[in-house]
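Just one chain is shown here, as structure tokens, and it is the form predicted alone.
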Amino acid sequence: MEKQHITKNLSIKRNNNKTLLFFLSLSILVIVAFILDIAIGSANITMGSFIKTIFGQITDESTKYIIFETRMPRAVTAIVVGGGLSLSGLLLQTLFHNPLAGPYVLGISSGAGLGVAIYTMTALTFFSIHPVISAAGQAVAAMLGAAMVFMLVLVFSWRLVDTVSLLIIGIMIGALASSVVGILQFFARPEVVHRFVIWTLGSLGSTAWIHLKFIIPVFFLSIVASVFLLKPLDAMLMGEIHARITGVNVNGTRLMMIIISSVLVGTITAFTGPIGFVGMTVPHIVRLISGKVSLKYVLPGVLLIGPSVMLLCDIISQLPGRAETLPINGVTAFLGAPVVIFLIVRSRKLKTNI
């Protein structure tokens, strides 16, 4: 008996060491990707100049501006966007028990797009607005549009028992918002439509430190709220009936998941535009790499792999050494679509894990 106890303790210790090594490796990956994202870009800055500028040994104002006011806010935005969308995707996949659910499944991003469309295709069509005020107005319009859809989803969430019906309603709300956007585009001026289309492609470079002061607190509050939901979420992985038997307040947990996902996605979309595939694919990447299903392992995993993936996409989108910048949605789709195809092929096996 004592020998079995010792063997069990050694096995637990080995598993804990593997888990610690896994998260340590992911943390190093985020740091390396962050440094590379700041160091690499269209402007030619040598690694020596980059290191000296970071440590304050170079006083060249143009280099300092590029690193601290352009590349660093962009890299921080990539971390927040990657982590936030991945967290939202994890919550929604747990909520709907659907491996292909993502942050946009409730129509929140479509609502944000509708808010921006109304603003850009009405206010900017009939009035001349200062660029700074215009950018701020666009962000506010996106958040208001996301909040509008969020309120609709909340109303339906109280009336619907099953999450599948709520999923369908979210898709229909998104389709309705997209149809209104299409009508607005038909009547708007070409240059205004062009501006809106650019926003829909997604961008990490449009955010500055002043925007991050708003985005980062929302991101960290969402993480804290999700940590408090870990035990109920793990119970819901086994189904709502099992969760109710174990004493979980399923309706309250579901409401909190919707609030966290909606606020997080709405805020990110307001400042960066809609960015696809990251939230849907990263939770599965974490499960495949770690071999874990419990959210106490998957949650910190998505908060590390999500930023790494987004930083990698940002590096690729900047076309290092060239002046052009690719739309970030094009890069995330290029990397994410093969993962989605792989997930569909393995869908039967995935359903048993979620």
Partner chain sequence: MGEPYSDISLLTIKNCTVGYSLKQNKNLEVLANLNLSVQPGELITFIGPNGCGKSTLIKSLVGLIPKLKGELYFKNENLELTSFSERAERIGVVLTEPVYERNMTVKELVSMGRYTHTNWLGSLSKLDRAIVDESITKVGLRVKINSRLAELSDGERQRAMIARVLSQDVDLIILDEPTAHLDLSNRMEVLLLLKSLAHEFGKGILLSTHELGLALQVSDRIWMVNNQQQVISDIPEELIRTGWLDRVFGNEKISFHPWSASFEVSSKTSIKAFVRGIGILQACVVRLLKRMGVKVIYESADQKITIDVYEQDQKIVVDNGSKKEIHTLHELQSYITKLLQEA
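Quantities reported herein were computed from a predicted structural model and do not represent experimental measurements. Numbering follows the first chain given and starts at 1.
The form predicted in complex with the partner chain exists for this protein as well; it is not shown, and the discussion that follows is about that form.
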* Give a yes or no on whether every one of Phe228, Leu237 and Ile245 sits within 4.5 angstroms of the partner chain in the predicted bound form by heavy atom. => yes
* Segment that reaches the partner chain in the predicted bound form - one of 103-111, 173-181, 245-253, 193-201, heavy atoms within 4.5 Å -> 245-253
* Structure fact -> Contact with the partner chain in the predicted bound form, heavy atom within 4.5 Å, among Ile31, Val293, Met47, Ile289 goes to Val293
* What is the one choice in Gln185, Ser206, Asn98, Thr122 with a heavy atom within 4.5 Å of the partner chain in the predicted bound form? -> Asn98
* To do: Examine Ile168 and determine whether its closest non-hydrogen atom to the partner chain in the predicted bound form is within 4.5 angstroms.
  => no
* Asked: Might Pro232 be said to contact the partner chain in the predicted bound form, defining contact as any heavy atom within 4.5 Å?
  -> yes
* Proximity of Ile241 to the partner chain in the predicted bound form, heavy atoms at 4.5 Å -> yes
